[in-house]
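Form predicted alone, single chain, as structure tokens, below.
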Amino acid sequence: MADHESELLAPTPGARVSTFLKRKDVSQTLLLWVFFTAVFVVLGLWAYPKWMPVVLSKQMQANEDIMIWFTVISAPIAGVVLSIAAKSFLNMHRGDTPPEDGVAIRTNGPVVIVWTATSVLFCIVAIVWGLVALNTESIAAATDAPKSLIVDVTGSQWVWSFYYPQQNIHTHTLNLPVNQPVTFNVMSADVNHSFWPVQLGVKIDANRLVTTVAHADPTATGPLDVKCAELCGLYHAYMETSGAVESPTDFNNWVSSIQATGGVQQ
């Protein structure tokens, strides 16, 4: 084959990819992508479990798992976005003028296919994960209902009140026995609030004249922080109380101490 004929031959796809990857800006962007992806993986697997509230229930464990694994799964996508953004920022001082007829991403077949397929995959994972979690929670709540501890929760400006109908006590702290399912019947005496026992991983609206139901399965002992997660007025930030998940013996002693004072926590 003559030299001039070989020069007219179009490069093969493999050669084009090899040439593209050898470009300095591309190789630097790839290194940045590896770096940012690794950062988010470390955040998901190591940092998030240390930063999140203490896990005292199955629901809180499920919340932590979602945070960890969705961060890890999305790390490569975040890495792509941040690596391109960082490379563009680092090169912006060069003053290069882009070509007038630059290639549009929307007309780049391989890029469109990869991006669309990745987005669809992420949506499928999120939908399946959510449906499985909802069904599992619903089945568990129905199964545990007969043996659940009932707690009626009332939010009012700006305090939380709890009534335990099985024990016939009224309290302003939320104490629960470990390893016993709990059903919360939540309502409001005035404006809308949001019941949030942080370490239980439960958060549900407290509405006036409507009772909403939430479930929790305490699995470990420890202190509880109960907050309002719905802006409800001037002292919303102070609408909080405390409590604990404790051993059955300690819980029964706590109940007995309140029953001894007439059923109302002093």
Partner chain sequence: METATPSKARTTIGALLAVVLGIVVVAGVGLTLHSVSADPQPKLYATKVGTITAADGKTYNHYTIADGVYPDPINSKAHGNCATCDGGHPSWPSYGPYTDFVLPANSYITVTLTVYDSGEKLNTPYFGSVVGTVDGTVSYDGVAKTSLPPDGVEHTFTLHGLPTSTQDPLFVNVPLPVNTDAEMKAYNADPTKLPVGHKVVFSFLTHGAGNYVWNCEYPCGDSTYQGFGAVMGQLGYMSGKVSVVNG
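Residue numbers count along the first chain shown, from 1. This one's a predicted model, so the numbers in the text were calculated from it and none came from an experiment.
The same protein has a further form, the form predicted in complex with its partner chain, not shown here; the description that follows concerns it.
In the predicted complex, at least one heavy atom of residue 242 sits within 4.5 Å of its partner chain. Shown alone here, residue 161 lies within 4.5 Å of its partner chain in the predicted complex, counting heavy atoms only. Contact check for residue 260: every heavy atom lies farther than 4.5 Å from its partner chain in the predicted complex. At the 4.5 Å threshold, heavy atoms of residue 171 reach its partner chain in the predicted complex. For the three marked residues, 156, 189 and 225, a heavy atom of each sits within 4.5 Å of its partner chain in the predicted complex.
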